[in-house]
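Presented as C-alpha cells, the chain that follows is alone, the form predicted on its own.
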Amino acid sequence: MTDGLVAARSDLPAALRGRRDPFAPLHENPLAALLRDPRHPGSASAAVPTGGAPLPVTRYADGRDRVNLGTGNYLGLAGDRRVVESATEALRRYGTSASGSRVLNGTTRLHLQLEEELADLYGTEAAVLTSSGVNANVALLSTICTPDDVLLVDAHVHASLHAAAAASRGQVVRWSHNDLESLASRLQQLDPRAGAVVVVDGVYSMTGELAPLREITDLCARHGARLVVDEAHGLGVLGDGGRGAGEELGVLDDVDAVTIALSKSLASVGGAIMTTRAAADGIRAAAMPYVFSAANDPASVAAALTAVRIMRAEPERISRLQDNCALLRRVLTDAGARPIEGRGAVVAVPTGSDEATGAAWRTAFDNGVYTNAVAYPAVPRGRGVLRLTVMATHNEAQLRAAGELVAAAVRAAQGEHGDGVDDRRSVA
C-alpha cells in the first residue's frame, strides 16, 4: 500500500479504491498480529480457553489442570454453590435477559436490592448499577464537569478511567503515577474558580500498588477538589469489611464516589458507582451507559447480590485472602523473583522484555501454573511482568508450589534473553 492508499487492493469494494483505508489501523495493528501467531513468544497475552469455573486449580481447554494465578475471583465465590444456585433461580424466574435498559423495562427487584446493599456496604446514600466496570467509570466521569473544570487523572489508572475522562466535557490533566508532588503542583496551577476532580485507582490493576489515599485526601481537602476512587481490585481484598483501599487506609468517608467491578470478588459481571443520592440521580438521567445500555441480566445480579452477602457474613475470607497474598509474596522473594511492592491480590513479578515475558509465561503454563503475561503496550517497553492474582480459596501447598515454579520460569527466561530488571517499584 502506498501512502496509505488502497487503490491496489482488489479485495476492497470499488467505492473504497483510491482512498486511504480507515480500517488500516485495525488491519495493521502489530499487537493483533502477535496474538494471531501462537508460535510467537508474546502469544502469552492471547486468551486461553478454560474448561471450567475459575477455581484454585482450573481445568483448561487442553484438558490439563493448572494452579490458577490469573483470575479476578479473589474471594473464590465464582464456583461457590450458593452463588451458582442464586443465579440459577434468577434465571428460572426472570429469564436470560432484562431485554431493555434500566429506564425502560430492565429494572427488576434484584437490581434495586443490589443497589441498596452496595450503598449500605459503602455507607453512601445511593448506588448505581451498570453493565460493566468500564461502564461504571464512563457513566460517572462522562457526566461530571463543565468545559471549565478539570479532571486530574493519575497517569497509570485503569484504561477505562482514561477513556471515561476523555468522554467528559472537562479538561483532562494527567499527573505522575503516585507522585504527590506532581498532583500538588497541578492543583496549585488550577484556576481557583475551576471545579477539580482527582481520579485514582485504589489498587492498581497491573502492579498491586496502592494509591497514597491519606495524602491525596489531604490535598483534595486543601484545594477543594473532589475525589473518585476505582476499587475494582480493592473490593473484597482490603479493609476489615472488604471495601478496598479507602477503608484500609481509613479515608473512605473522604471519597466522593467509588466505582467497582462486580467481576472480581463478587463473582459476576457488571459495575457500580457509590455516591450521593443527588449525584446518582444525575447519572441515571444523563449517563449513556445507564440510559442506553441493556440492564444487567438478572442471573448476574443475583450472583453479585449473594456474593455481597457472603462477603459480609464471612469476613474470614478476606483475612484468608490477605494471608495468601503475603505467603505468595514471601515464596517468590525467597525463590529469587521478588514482586513489585504492593498489598492487593495482584502480585506482579518483573520479567523485562516482551520476549522474556512470553517465555516465562509459556514455561509456567507448561509446568502447570496459569498466569497473566503483561507486555508492551500495557506497560512500558522492557518493563513486562507476570501478573499473578490470588484467591482466598488457594491452599498453602498450591501457592508454595506455584510460586516456586513461576520464580524458576522468570529466572530462566531472563537468563535466556539477557534481561535484568533494576526498578521493581512500578511497571504500569
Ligand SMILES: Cc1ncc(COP(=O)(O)O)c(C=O)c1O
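Source: prediction; values computed, not measured. For every residue, the number given is its place in the sequence shown, counted from 1.
Not pictured, yet referred to below: the form predicted in complex with this ligand.
A heavy atom within 4.5 Å of this ligand in the predicted bound form is found for exactly one of 353, 178, 124, 160: 160. 134 is the sole member of 335, 134, 173, 279 with a non-hydrogen atom lying within 4.5 angstroms of this ligand in the predicted bound form. With this ligand omitted here, the record of contacts in the predicted bound form names 264-272 of 246-254, 264-272, 301-309, 115-123, defined by a heavy atom within 4.5 Å. Contact check for residue 232: a non-hydrogen atom falls within 4.5 Å of this ligand in the predicted bound form. Taking non-hydrogen atoms only, residue 205 approaches this ligand to within 4.5 angstroms in the predicted bound form.
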